[in-house]
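Below you'll find only one chain, the form predicted alone, shown as structure tokens.
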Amino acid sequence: MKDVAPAPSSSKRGGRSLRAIRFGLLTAAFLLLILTPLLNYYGNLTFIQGWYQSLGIGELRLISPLEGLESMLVSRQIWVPVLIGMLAPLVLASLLGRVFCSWVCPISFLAESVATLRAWIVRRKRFHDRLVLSKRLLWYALIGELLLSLILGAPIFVFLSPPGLVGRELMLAVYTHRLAWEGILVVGVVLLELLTRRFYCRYFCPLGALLALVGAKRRLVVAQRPDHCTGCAGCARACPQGLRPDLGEGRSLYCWNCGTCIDTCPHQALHFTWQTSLPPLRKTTASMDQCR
């Protein structure tokens, strides 16, 4: 699938598109990363501390599941405070799937901002995903990252997580008025958006892979109304993960419940639904060439 629409037309729901609501939440989550060190440093207000790898809200501590798992594997110890800190993100992923990636993650905010700016500059509504790889790379990225951490004896993703680096770089900028060299990784990941939509998120984010596994039996899924679907494949062209929602891939591990396909469908053939069990994916022999 090559043709994509970075800013698809949306069907209105309550006067707002899901994309607008989601980008609003992404913006708010990014602003929190900016305001937190400013309030800590200049206002001495410490009710909220840290960033999305380890975020403290009062007495509540939220810890990224991958960083927590990685740290315990490397140390070969089980830390109850870490397990408690991982609980809320794990429960969220088990119910809603990989929504942190699409609705909160600062990398998604930066990538969508770049995509929107690019579309505005070149005055085009459709671009090509220039490099499409196997989706299985996501699982290899998770396995490889954990194995490398065990071999080196150090939690690699704790130090080099692109989402975590955004928060860390912002904190350094406030406290030391400088940036660290690791920030280059963030720039590289965001610039990959010009090559393929959500390239890093699709293929190489181990945190996304772990959240996808936790959300394998999620309750919130993108469901299809078969009698409304015309087979236009507009949802497939719009999906930032390169999926086929019209063929049931909104229920797959790779879907991150961003709602872009729902907004795009002019026939309202797709919708979010809450269910207690997931039926198997509908088998199909349709060719991906239908998306082009």
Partner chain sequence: MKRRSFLKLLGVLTTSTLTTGLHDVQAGLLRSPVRTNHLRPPGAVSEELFAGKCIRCGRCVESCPYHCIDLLDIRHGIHAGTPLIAVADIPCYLCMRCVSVCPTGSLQPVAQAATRMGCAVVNKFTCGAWAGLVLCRTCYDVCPFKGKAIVLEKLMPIVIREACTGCGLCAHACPITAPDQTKAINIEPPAAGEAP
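Source: prediction; values computed, not measured. Numbering follows the first chain given and starts at 1.
Another form exists, predicted in complex with the partner chain; not displayed. Remarks below refer to it.
Q: With the partner chain left out of view, which of V99, V158, A141, L110 would have a heavy atom within 4.5 Å of it in the model of the complex?
A: In short, V158.
Q: Have a look at Q53, Q224, N257, S252 for me and say which one sits with a heavy atom within 4.5 Å of the partner chain in the model of the complex.
A: Going through each option in turn, the one that passes is Q53.
Q: Whether T176 contacts the partner chain in the model of the complex should be assessed with a 4.5 Å heavy atom distance threshold; does it?
A: Contact with the partner chain, yes.
Q: Please determine whether R244 contacts the partner chain in the model of the complex, using a 4.5 Å cut-off between heavy atoms.
A: Residue-level check for R244: no, no contact with the partner chain.
Q: Verify the contact flag for A115: yes if a non-hydrogen atom of it lies within 4.5 Å of a non-hydrogen atom of the partner chain in the model of the complex, no if not.
A: Judged by the heavy-atom cut-off of 4.5 Å, A115 is well away from the partner chain in the model of the complex.
Q: Is there a heavy atom of A154 lying 4.5 Å or less from a heavy atom of the partner chain in the model of the complex?
A: A154 belongs to the contact set for the partner chain.
Q: Tell me which of 76-84, 116-124, 214-222, 186-194 has residues with heavy atoms within 4.5 angstroms of the partner chain in the model of the complex?
A: Only one stretch passes the 4.5 Å heavy-atom test: 76-84.
Q: For 169-200: residues with a non-hydrogen atom within 4.5 angstroms of the partner chain in the model of the complex?
A: The stretch 169-200, when checked against the partner chain in the model of the complex, contributes M171, L172, Y175, T176, R178, A180, W181, E182 at the 4.5 Å heavy-atom cut-off.
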